[in-house]
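Below sits a lone chain in structure tokens, taken as the form predicted alone.
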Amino acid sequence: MKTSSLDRLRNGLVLLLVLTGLWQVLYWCVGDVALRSPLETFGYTAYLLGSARFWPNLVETAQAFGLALVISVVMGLAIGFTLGLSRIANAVFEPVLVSSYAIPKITLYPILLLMFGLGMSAKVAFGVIHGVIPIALFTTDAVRHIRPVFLKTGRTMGLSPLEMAWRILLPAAMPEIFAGLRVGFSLTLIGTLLGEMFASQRGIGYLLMNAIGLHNVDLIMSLTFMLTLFAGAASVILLAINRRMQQRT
């Protein structure tokens, strides 16, 4: 186990060095018109983290993303358990979910703006419509493949539907459900940032869109670097947790 962990850490460091090297080479090829070097980006990121105007925008995005993620997880699990346990509901609504997942979500944004207006509500709603469907679909598939003996045990114990979901279904299906949570995490973050980019006056997405409009390459590179770093770190942590769960089952 220790050797495997050290190997993964070493491979991760090698990957970071390779990506940084490719970034530097790309900067040498493109120049200052569209890119900044890794060193310049690191320096501007440090400056941005010390800027007072950055943190209110970060807090705004964190609040919107956190709320959207919680709603996506709760709704996704509820829908997934319902469709996974009911054949009729599954036959009727799962094709609707799959079809909805294929719709470009940006086409729904004008409707969300009419429903929620500008501000936090629209950003949260846009994050939710990105994240809830994959969580629901993964949960549905996980519940459908639970061994029937678990369900029979729950019925024999006289558990209510909520107790059945909490005490039997969730633990048994958690490794597969967690894979959906990883996908939902990433898509919810993307949806929240897109919501901030198109109809907001605060947040990381707003800063990024404003920087694009002003051709502020330093700010674009710094924000992109921080978002990539956050998404990559979160993905590594969630993947490690998922592996632990699979090893225990």
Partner chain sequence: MKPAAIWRTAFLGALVALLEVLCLTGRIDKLTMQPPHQIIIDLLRMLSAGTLNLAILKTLANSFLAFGLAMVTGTAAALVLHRLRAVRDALDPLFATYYAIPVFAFYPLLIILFGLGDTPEIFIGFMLAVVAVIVSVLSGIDRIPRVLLKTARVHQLSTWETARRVTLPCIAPYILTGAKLALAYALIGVIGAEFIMSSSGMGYEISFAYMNFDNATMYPLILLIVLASVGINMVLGRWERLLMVRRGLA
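Positions refer to the first chain, counted from 1. Bear in mind the structure is a predicted one, so any value in this text is a computation, not a measurement.
Although not depicted, the form predicted in complex with the partner chain is the subject of the following passage.
With the partner chain omitted here, the record of contacts in the predicted complex names 108 to 116 of 147 to 155, 72 to 80, 108 to 116, 172 to 180, defined by a heavy atom within 4.5 Å. Residue in contact with the partner chain in the predicted complex (any heavy atom within 4.5 Å), chosen from Met197, Leu48, Leu58, Leu67: Met197. Using a 4.5 angstroms threshold between heavy atoms, Gln201 stays clear of the partner chain in the predicted complex. The partner chain in the predicted complex is approached by Pro95, whose closest heavy atom lies within 4.5 angstroms of it. Under a 4.5 angstroms non-hydrogen atom cutoff, the partner chain in the predicted complex has Asn11 among its neighbouring residues. Among heavy atoms of Ser86, none comes within 4.5 Å of the partner chain in the predicted complex.
The putative spot formed by Ser99, Leu208 and Leu227 is fully lined by the partner chain in the predicted complex; each residue has a non-hydrogen atom within 4.5 angstroms of it.
For the stretch 214 to 240, the set of residues having any non-hydrogen atom within 4.5 angstroms of the partner chain in the predicted complex comprises His215, Val217, Ile220, Met221, Thr224, Leu227, Thr228, Ala231, Gly232, Ser235, Val236, Leu239, in sequence order.
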